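The data below hold one chain only, encoded as structure tokens and taken in the form predicted on its own.
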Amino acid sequence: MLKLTETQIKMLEEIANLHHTPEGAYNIRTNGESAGRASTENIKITSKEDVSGIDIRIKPGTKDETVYIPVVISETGMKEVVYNDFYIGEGADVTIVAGCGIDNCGAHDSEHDGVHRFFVGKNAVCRYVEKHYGSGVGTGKRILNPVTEVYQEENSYMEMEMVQIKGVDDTDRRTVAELAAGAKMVVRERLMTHDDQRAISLYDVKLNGDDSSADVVSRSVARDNSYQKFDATVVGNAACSGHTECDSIIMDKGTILAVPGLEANNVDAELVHEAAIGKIAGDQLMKLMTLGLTEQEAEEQIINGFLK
């Protein structure tokens, strides 16, 4: 069993839905050190020698296996940068569960910056789940700056679930991708900011091969005095299809900036973008309030449903 504090266990439940030591391959990092690691016959996890981070190598043809690589910080003032590379073999079908939780009860900022690179082989399928969460009563900030690079070979499939719902004071999320012929990418981002939080999401997806496609959708809620920016660009360099969408609810004195971008460099590139920002509709609130909910309870019901 991993040696974790009660706070660290709670954070792992929040970001990775882990209630005990996972089966199969995993690498759990707490306060800058490995708290536990395991490889399997098909998935090997090794430490990098030149920088802080790990290499995850998944054998071709691996099916129905899950890798857990969550990070937890529970010390105030801690800052780290981690580099993780994923090599997903041809024809593999795997799920990777990442995420970072920061519990800061002190006066100094705590920060985790992660650089993840995915090399997805031909005909491979990868589902990637990344959840961010912050907690703690300290005045120090909880800062997360993830960088994700995705390189997809022919006919591969990449599905990304990016979630940040509570407690992160400042985040700058940057995702870049390059897709070969027949490759497909699906991104679903869910984000909520509150108080004076700031969240930047940048996507730059290049569709380089014929019949490649990308579908990037963000749903977000900005409350109190928080600020969000969603900047998504899809570049069509072949006969491809791309779609970006930002659907946001603005509340209180929140601010949301949506910057959808399309660049077509091929006559057969089909690219579409959508953006909608608005407040919660009054008729939705009234309907729920007639069922006995208070206005605040009605708002929470609507937000929870919107972000599912």
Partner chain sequence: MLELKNISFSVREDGMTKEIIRNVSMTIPDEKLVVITGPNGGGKSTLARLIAGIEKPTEGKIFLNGEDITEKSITERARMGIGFAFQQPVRFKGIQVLDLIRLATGKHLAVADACEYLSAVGLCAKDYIDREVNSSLSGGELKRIEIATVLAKASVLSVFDEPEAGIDLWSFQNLIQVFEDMRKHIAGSSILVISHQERILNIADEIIVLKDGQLITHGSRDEVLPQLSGDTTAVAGCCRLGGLAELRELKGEDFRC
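All values derive from a computational prediction rather than experimental measurement. Numbering follows the first chain given and starts at 1.
The discussion below concerns the form predicted together with the partner chain, not included here.
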query: Interface segment, criterion being heavy atoms within 4.5 Å of the partner chain in the predicted bound form, picked from 256-264, 278-286, 25-33, 44-52; finding: 278-286
query: The unique member of R117, R219, R174, R198 whose heavy atoms fall within 4.5 Å of the partner chain in the predicted bound form; finding: R219
query: Proximity of E65 to the partner chain in the predicted bound form, heavy atoms at 4.5 Å; finding: no
query: Distance check, L4 to the partner chain in the predicted bound form, heavy atom within 4.5 Å; finding: no
query: In the predicted bound form, L293 touching the partner chain (heavy atom, 4.5 Å); finding: yes
query: Distance check, E13 to the partner chain in the predicted bound form, heavy atom within 4.5 Å; finding: no
query: Full three-residue contact with the partner chain in the predicted bound form, heavy atom 4.5 Å, for E297, Q301 and G305; finding: yes
